[in-house]
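The chain below stands alone and is given in structure tokens; this is the form predicted alone.
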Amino acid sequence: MLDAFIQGLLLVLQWKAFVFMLAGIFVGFWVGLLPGLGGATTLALMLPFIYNMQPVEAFAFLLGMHSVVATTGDITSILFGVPGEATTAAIILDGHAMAKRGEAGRALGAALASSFVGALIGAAALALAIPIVRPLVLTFGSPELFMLAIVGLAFIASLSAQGARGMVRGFLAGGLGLFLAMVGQDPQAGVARYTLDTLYLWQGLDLVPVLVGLFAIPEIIDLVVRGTSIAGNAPAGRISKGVFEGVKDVFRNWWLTVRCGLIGTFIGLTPGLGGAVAQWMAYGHATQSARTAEERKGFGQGDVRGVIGPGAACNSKEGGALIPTIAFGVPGGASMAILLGGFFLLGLVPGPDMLTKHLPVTFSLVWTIVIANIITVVACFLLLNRLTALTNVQGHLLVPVVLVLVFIGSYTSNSSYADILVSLIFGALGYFMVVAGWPRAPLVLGLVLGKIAENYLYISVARYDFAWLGRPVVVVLLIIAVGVILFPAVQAWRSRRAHG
């Protein structure tokens, strides 16, 4: 194992593989900054280029590119409130709020440092899981995956505002998200549901235009109404100086960073859940790290922990998602399914051979994730002063550029003009939610997890009837879900008791 580990590093550091990795990082850097394109789309576009490459070179190129997309997607999310990727939407809530307060540098410093720590956790999990992965992955059947989705939905309680009224609004917003997840064809019967007799809605609502509209358009309207720059009247020096303060924040909240990194790894390891789930569950957990009800109110208003949690989870999920992909040929998400195509193009078969005969190649993937993230974080830190300066540009100059980014992000997800209309509709909904004080995060969580929960519930009932409710892991996850729902209420009660 140790020989293969060192050999994997030497394979990645060969000049040809290293150059391909740098090329992949360059592509991934700019793809992450542009909203809507996303890692999966770019991986699919780059697959034809690997035909004549050696396996290590090909994976250095593909994985080097994919590893950095989420990191640079955080930059667009924080600076402009436009999700760089569907998986980087959770970071907008506090990251962009910090940018509007003149703390863009601190938010970006925290995001980059937590992303790097998360990537290391994911890579370490991949390296350590190679010998023990089989029983771990096989523990989870459809009942366990359904309950995991329910645990995710339970975080709606944490993402809602304080008080009974805030909780009701949060659960209603989550219910709307669940309803929107049902738009499209019934996955079992194939019957069209809530499609308004339009062919576009048969495949359901795509996450990218919904997220871009829900988060970006309200920020654009706010920028127009205020008539100032994103950072308002904050002095330019303060905006860029906070970068290392953000890095310190990660180390001040070290245990939270590690926990959120482990959440991301676990969600990545579980096939079918995806990166958006990892970020939102990590964000929900970060809100629970607040010790008092008053502290919790700061989330969504610019609490740095709301940047650290999603940042760590977003990158750690990649190492986790590679585990079932390499060990069983079961992709951990859409991007891993495309990467699986790369395995077959190169004549590699995921499974026992990747853990024995091709072990150095497997460890080269671990090293690619680590090295690509080191290079990206260093490059981002060198550019941060220039990037944070954008938050001081006057709104009337910035709004047209951000609007173009919004429309590009919406259109490129499916190359459909209907996606732009969906973005505008959800932009109007998002704006009214902000004005009325309704939380947007529960709606997104309901939309992301609705389809997953429905599919796994149907499979569980069809396969096991209701006997699956007694499975040990299902019972443990149910207890966790109840605990997650009750935690904010208990916290609020303790806070009232302490002050009363």
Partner chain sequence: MANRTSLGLAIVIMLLSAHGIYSAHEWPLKAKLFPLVIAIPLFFLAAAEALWVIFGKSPTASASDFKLSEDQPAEVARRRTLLATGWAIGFFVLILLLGFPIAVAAMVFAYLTVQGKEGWIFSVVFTAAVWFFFYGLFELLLHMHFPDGWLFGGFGGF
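Numbering follows the first chain given and starts at 1. Quick caveat, the model's predicted, so the values are computed rather than measured.
What follows is about the form predicted together with its partner chain, which we do not show.
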* Leu128, Ala389, Leu403, Val258: which sits within 4.5 Å of its partner chain in the predicted bound form by any heavy atom? -> Leu403
* Sort through Trp367, Phe426, Phe299, Phe80 and report the residue having a heavy atom within 4.5 Å of its partner chain in the predicted bound form. => Phe299
* Asked: Contact between Ile420 and its partner chain in the predicted bound form at 4.5 Å, heavy atoms?
  -> yes
* Asked: With a 4.5 Å heavy atom cut-off, would you call Arg165 a contact of its partner chain in the predicted bound form?
  -> yes
* Exercise: Thr356 in contact with its partner chain in the predicted bound form, heavy atom 4.5 Å -> no
* Taking heavy atoms only, is Ile326 within 4.5 angstroms of its partner chain in the predicted bound form? -> no
* Asked: Thinking of Gly175, Arg193 and Ile408 as the candidate spot, does its partner chain come within 4.5 Å of a heavy atom on all of them in the predicted bound form?
  -> yes
* **Contact stretch among 116 to 124, 359 to 367, 307 to 315, 93 to 101 - heavy atom within 4.5 Å of its partner chain in the predicted bound form** => 93 to 101
* To do: Can you tell me which bits of 444 to 458 touch its partner chain in the predicted bound form, meaning any heavy atom within 4.5 Å?
  => Gly450, Ala453, Glu454, Leu457, Tyr458
